[in-house]
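So this first bit is one chain, no partners, the form predicted on its own, shown in structure tokens.
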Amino acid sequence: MNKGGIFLSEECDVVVLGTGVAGLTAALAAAHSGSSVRIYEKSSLIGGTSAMSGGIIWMPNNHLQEFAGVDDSREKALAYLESLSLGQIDSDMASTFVDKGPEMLQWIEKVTPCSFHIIDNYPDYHPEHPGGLPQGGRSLDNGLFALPELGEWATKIRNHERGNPVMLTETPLGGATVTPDRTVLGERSDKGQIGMGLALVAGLLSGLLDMGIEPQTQSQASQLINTSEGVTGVTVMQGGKPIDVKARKGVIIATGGFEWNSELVRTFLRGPMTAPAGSPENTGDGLQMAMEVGAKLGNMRNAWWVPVVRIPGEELFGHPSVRLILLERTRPHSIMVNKYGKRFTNEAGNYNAMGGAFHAFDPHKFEYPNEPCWLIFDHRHKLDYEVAGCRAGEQTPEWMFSDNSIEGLALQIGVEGATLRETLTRFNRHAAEGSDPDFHRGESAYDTFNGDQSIEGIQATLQPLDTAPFYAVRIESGSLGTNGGPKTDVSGRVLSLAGGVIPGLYAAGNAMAAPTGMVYGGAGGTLGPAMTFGYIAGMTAASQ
């Protein structure tokens, strides 16, 4: 068989593009279904944004809940997603995620070294909504993995040199107030054990390597091979030369989002996103290839939003890097204000919901008044908590503004001093009374979980800022990844603009239109659906 008279140089049953958790899971599913599989990665490193993440999986009605005494059900999970959907979730896709996700999870534990456990008391991101779980049970951590077990592949995983010998449950992000002692950490380091996203990617990769399947790196897919029969392969660039790969059963796009493609960001996203936090290789390759063959698109306005700080001069993988602002804004003695010195949101709300606050548009001034904004905190906060990688204590880095007075701080950051003083006075008065009538900070179980776990009640997140000096850090609207792309059916098959499906083409992860729409259900709300639809796409393609 040929294309333009040139014989295809490689051939297999299923081709997978991308090595994040969606792609790795898809490859595993296809291979275990008896198909020959080739998996290609654009970068020299595998794992994508997944390897940079906390590695948490959000999975309603999972098999671990029974042993933990968690009261969950299919009905609760679907009610929860529907309560947050704003009409943007396809009910069939949501049902498929809820139904097939737990199956996928148990299967992964059987065919790979991955093992999972519930993060105790980690609430859903909107726990008070119908079907939400304030006491948690849906967010799952994964166990440690010894990287030396991968041999030469250990150094081919993105971020491997930054691996830590802890699971997320053992950090403040997972609700821990005490981390493992030095002896335990030393023993783990000696074994090369790592946790979080690195461990999850390593476990999935291990499962593939055990089957004799090795990802091919520095192999960027450039074009789908589309015939009258549908998608029958893909052209991959290796060493500057194009190689046509025939896929007898299908091509699965799992190439991540498009957050690093400024043109696509301007074209599709609903509002400012100035600081991408995912893998720099996420430039929309899969999206553009799917568009070329007539794919129907969905959810293109949305991303997994997150507030971030840029540290001058910091780079990662050759690109400007950012630091996520997660716990800093939820802990006491802090607020966020916009360019006019006014609060504009519940600072302790989940990071994805912050996107809505950043994108509030003032039609009179014709601007986004809340982007960028400022994290303001006092000396007690500075002494007790880390901020954007700056350890708790007296030291003040150059990128952090500081002054002994609120008015002096306002002058430094270009905010009206009287307005900032008024904002702070009002906040402090109500915080001292244990309330936030303006934005209801501390009322949700999620708010206090992400506050100071050593403090009980609303004070874990809500206390006055009244101890000089005062500090400010500039916050931008960032993204963990975009979540729009080719729409699929419940089997992971890409839908066509002309109607029906595009034969031979599948999508999963951030490369597809998110099955949960704009909803980030809880910690791991990206990886859970990504792995589930990777599993589905791999199984479906292999069955052709």
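All residue numbers refer to positions in the sequence shown, first residue = 1. The structure presented is a predicted model; accordingly, all values stated were derived computationally and were not measured.
One more form of this protein, predicted in complex with a small molecule, exists but is not displayed; see below.
- For the options Ser43, Gln65, Ser33, Ser36, the one in contact with the small molecule in the model of the complex, meaning a heavy atom within 4.5 Å, is Ser43.
- Among the residues Asn338, Asn282, Asn346, Thr232, the one placing a heavy atom within 4.5 Å of the small molecule in the model of the complex is Asn282.
- Residues of just one listed stretch (373-381, 86-94, 215-223, 128-136) have heavy atoms within 4.5 Å of the small molecule in the model of the complex: 215-223.
- Thr49 belongs to the set of residues with a heavy atom inside 4.5 Å of the small molecule in the model of the complex.
- A residue is said to contact a partner when one of its heavy atoms sits within 4.5 Å of a partner heavy atom; Ala277 meets this definition for the small molecule in the model of the complex.
- The closest heavy atom approach of Val14 to the small molecule in the model of the complex falls outside 4.5 Å.
- Using a 4.5 Å cutoff between non-hydrogen atoms, Tyr535 does not count as a contact of the small molecule in the model of the complex.
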